[in-house]
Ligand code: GLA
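Next up: just one chain, as structure tokens, the form predicted on its own.
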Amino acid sequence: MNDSLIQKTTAFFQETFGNVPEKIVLSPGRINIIGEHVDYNDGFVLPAAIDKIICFAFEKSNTTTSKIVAIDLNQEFEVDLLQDIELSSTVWNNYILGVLKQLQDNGFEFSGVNCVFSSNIPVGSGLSSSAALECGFLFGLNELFDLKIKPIDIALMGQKAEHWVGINCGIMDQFASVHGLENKVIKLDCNTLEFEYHNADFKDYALVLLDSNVKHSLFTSAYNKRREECEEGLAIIKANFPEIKSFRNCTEAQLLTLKDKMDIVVFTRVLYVVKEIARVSKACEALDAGNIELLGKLLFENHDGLSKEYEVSCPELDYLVDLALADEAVIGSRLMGGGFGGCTITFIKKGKEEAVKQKFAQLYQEKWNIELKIYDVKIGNGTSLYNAN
């Protein structure tokens, strides 16, 4: 699938600029196996790059002006590097502009580029197409101008570019897009950025994303409220157990002794966080042991917590996970991402995928009158140069 995307992007570049591109860069979207809403709560996450990508073709323009073309959107824009970089009214332009601003603010010397890009990452499905756009564009400039930026700094600058756009994201998306390895998941400490790879051999099971095709507007206000509730809960934990520095040091048993000292909503949020941090470690152990059935069980537990304890699910996502729980061919499913819409990540027995997909799509359509979008994904490599030879 990516071969045709690369050919399309390369051909479009040649038609537009009359030259063979100097560099071709592939930058992937990402999934998160488990570890949801713990990146800002001192936890660990378990993301991976996937085989859905943005393909970029680049050349130096040998001027101070860059021309960027989004093939799929049939849109383009130019930016003069001698002018102050300011936010655009066109959303995708801002991710590119944010990268250029990061390079300028950090004192890197570079000039203009001609660039076209095309993508097969479904936009708006929670697969981090914006991180792929930032990291892929930055990676291309790094290669073209030999800027010697380390992978970790590409991820961090991509994150800062997104902050400049106005989205206060954590580091997970950009980190996974840059550091992904085929058939590996990344256990990432979002505080220290220490990480380790674990094998992602899902054995007899296929990884399928079921896109609810809904996005409820609660997300931003609810997200901020959850952060406040967790901060309140952590302060109470520290006041009663001075040796505890963060949620990762707190056990479920310790937390249960404080139930009467917390607002019930705060207690429930914190209970989810403590259990989820433990689930990430259990998921790594399950992967290392090749116990994919246990991994699936942890996904179901995670969804139950996200729905009932953290309360960031929605009826459509709960319905999809209930269908999965009732189906013998499915061993695990949960909402993936911030919540209130987006995808479930689901493990289906190989050979049964088509039957499950058809059944779920039909039932979902009947229940909600919404089309269920379905994506098969594999664990792929992080942002890299494409070499045709």
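Since the structure is predicted, the reported quantities are computational estimates derived from the model, not experimental observations. The numbering used is simple: start at 1 and walk along the sequence shown.
What comes next is about the form predicted together with this ligand, which does not appear here.
This ligand in the predicted complex comes within 4.5 Å of no heavy atom belonging to residue 87.
Within 4.5 Å of some heavy atom of this ligand in the predicted complex lies at least one heavy atom of residue 170. Contact annotation for residue 47: none of its heavy atoms lies within 4.5 Å of this ligand in the predicted complex. Put simply, residue 35 is close to this ligand in the predicted complex: some heavy atom of it is within 4.5 Å. Comment: 39 to 47 is the region of 39 to 47, 320 to 328, 60 to 68, 343 to 351 lying near this ligand in the predicted complex, near meaning a non-hydrogen atom within 4.5 Å. Site annotation in the predicted complex: the residue of 164, 77, 241, 223 reaching within 4.5 Å of this ligand with a heavy atom is 223. Of all the residues from 331 to 352, those having a non-hydrogen atom no more than 4.5 Å from this ligand in the predicted complex are 337, 338.
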